[in-house]
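Next up is one chain by itself, shown in C-alpha cells, the form predicted on its own.
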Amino acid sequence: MESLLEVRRLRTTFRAGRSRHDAAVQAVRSVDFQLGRGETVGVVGESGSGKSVTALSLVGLLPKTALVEVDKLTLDGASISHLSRRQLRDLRGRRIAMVFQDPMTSLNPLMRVGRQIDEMISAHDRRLTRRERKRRVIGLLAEVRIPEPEKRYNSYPHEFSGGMRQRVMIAMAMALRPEILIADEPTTALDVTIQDQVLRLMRRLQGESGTSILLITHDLAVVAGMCSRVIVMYGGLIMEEAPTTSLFAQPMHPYTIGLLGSLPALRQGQSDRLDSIPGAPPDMTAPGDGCPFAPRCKYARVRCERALAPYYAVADGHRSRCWLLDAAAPGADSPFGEADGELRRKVVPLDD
C-alpha cells in the first residue's frame, strides 16, 4: 500500500515547571509508523500511553510547554516537520483534519453550528461567496445525516444530541475532503447504537473520498470493526503493531495479551470476573531504561527491567517490542503459546 504519512522517531516532552531543572514528562518516546493512502489504522492503549499526544504532535496542537522532536515527518513524500505556525494552520483542515473526543467542548456554545462550519471553510477557501458557503454547509449537514439541515444550520450546539454534535464535528472535519482524518476517541461519550451510526458514517465518507483514518481509541471492539491495522501503545512507545486479524488471533506482546484478556466474552457468565492488568502505568517523568510494562508483566525477566527491547518482526507487517521473542529467551513459561519456539526462530530484529 502506498504510504501517505510517515513518522520516524517522534518524541514529545512536556516541561513540568518553569525551571530547566524541573522534571519533564516524556509523553511520547521514539514513535515511528506509517499510514497508507485510504487505510484505517487504530491506535490503542491505556489512558496516558501517548495516543492522543502523538496525534496532537503531528498537527501542532500542543501548548508551548511541549517540545516536539521528530527525525522524519512526511505527508505524501514532502516533509512537514519544519512548517511555520501559519503553514500548519493551512495544513490543518485542508489536508489533515481532526475529530476530538468531546464535541461539546470542541464546538463554540455561543455560535450557531452552521456558522462554525462556515468559518472553517472560509479560512481555507476565500473564493466562495457567503451564499455558496451556506449552501455547502447545508449539504455537509445533509451528508452526515443531520435531519432538516436547513433548519439545523441556525441551531446552537446545546440543541443537538451528543451523537448529532459528533456528526457536526465530522462534517466540519470532512468539509474540505482532507487526505487524513485523525479521530481521537470519537465515540467514547456515546451509547452503543449511536457509536455504530458514527462509525458507519466515517466508513461511508472514507469510501466516498478515499481519506485515510488514524483512529485513536481504547475500545478494541471498535478497532476490530474499523481498522485494517493496529498500533498498541504503552509508556509513550509502540509495543506492538500488526494487521488487525493477526493481532486478535495471535498477540505477540504481554501487554496486548492483557488488553485482549480484559475484554468481556459474549458467553461469559454473571459470576465470571474479567481479567485485569495489575499495577499502575509508569511514571513518565522517569520512565527508566527498560520496558515500561516490565513492572506489571508476570513474564518479565531481569533483562526487561534493564534495557528496552528492539522491535522483532514476527510476520509480514507484524512487529513486537519484547525480549521474550529473542532467540536466546527461555520458552518454559512463554505467553505466546505452543508456536513460540517456531516464532522465535523466525524473528529478525528491526532497526530501532
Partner chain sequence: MTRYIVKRLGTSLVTLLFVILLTFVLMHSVPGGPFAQEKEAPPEVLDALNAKYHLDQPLVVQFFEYLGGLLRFELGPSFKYTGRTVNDFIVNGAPFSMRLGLITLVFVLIAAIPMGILAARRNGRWPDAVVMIIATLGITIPSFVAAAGLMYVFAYRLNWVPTFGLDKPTSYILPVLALGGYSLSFLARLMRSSLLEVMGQDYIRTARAKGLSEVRVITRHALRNAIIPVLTVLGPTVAGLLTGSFVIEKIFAIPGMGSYFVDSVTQRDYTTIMGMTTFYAAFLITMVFVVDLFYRLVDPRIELG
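Numbering follows the first chain given and starts at 1. From a predicted model like this one, the values you see are computed outputs, not experimental measurements.
Separately, the form predicted together with the partner chain exists; it is not shown, and the next lines address it.
Asks: Closest heavy atom of residue 111 to the partner chain in the model of the complex, within 4.5 Å or not?
Replies: It does: once the partner chain is placed as it appears in the model of the complex, residue 111 has a heavy atom within 4.5 Å of it.
Asks: So, in the model of the complex, is residue 199 in contact with the partner chain at a 4.5 angstroms heavy atom limit?
Replies: Residue 199 lies outside the contact set for the partner chain.
Asks: If you check in the model of the complex, is residue 245 within 4.5 Å of the partner chain, heavy atoms only?
Replies: Contact check for residue 245: no, nothing within 4.5 Å of the partner chain in the model of the complex.
Asks: With the partner left out of view, is residue 156 within 4.5 angstroms of the partner chain in the model of the complex by any non-hydrogen atom?
Replies: Residue 156 belongs to the contact set for the partner chain.
Asks: Given the partner chain in the model of the complex, answer whether the residues 206, 217 and 229 all have a heavy atom inside 4.5 Å of it.
Replies: No, the candidate spot makes no contact with the partner chain.
Asks: Given that the partner chain is left out here, which of 84, 105, 129, 193 has a heavy atom within 4.5 Å of it in the model of the complex?
Replies: Comparing distances to the partner chain in the model of the complex, the residue within 4.5 Å is 105.
Asks: Just to confirm, with a 4.5 Å cut-off on non-hydrogen atoms, which of 238, 252, 172, 183 contacts the partner chain in the model of the complex?
Replies: Selected option: 172.
Asks: So which stretch, 115 to 123, 67 to 75, 207 to 215, 145 to 153, is the one near the partner chain in the model of the complex (non-hydrogen atoms, 4.5 Å)?
Replies: Going by heavy atoms within 4.5 Å, the stretch is 115 to 123.
Asks: Scan 293 to 316 and note down the residues that get a heavy atom within 4.5 Å of the partner chain in the model of the complex; none is a fine answer too.
Replies: The stretch 293 to 316, when checked against the partner chain in the model of the complex, contributes no residue at the 4.5 Å heavy-atom cut-off.
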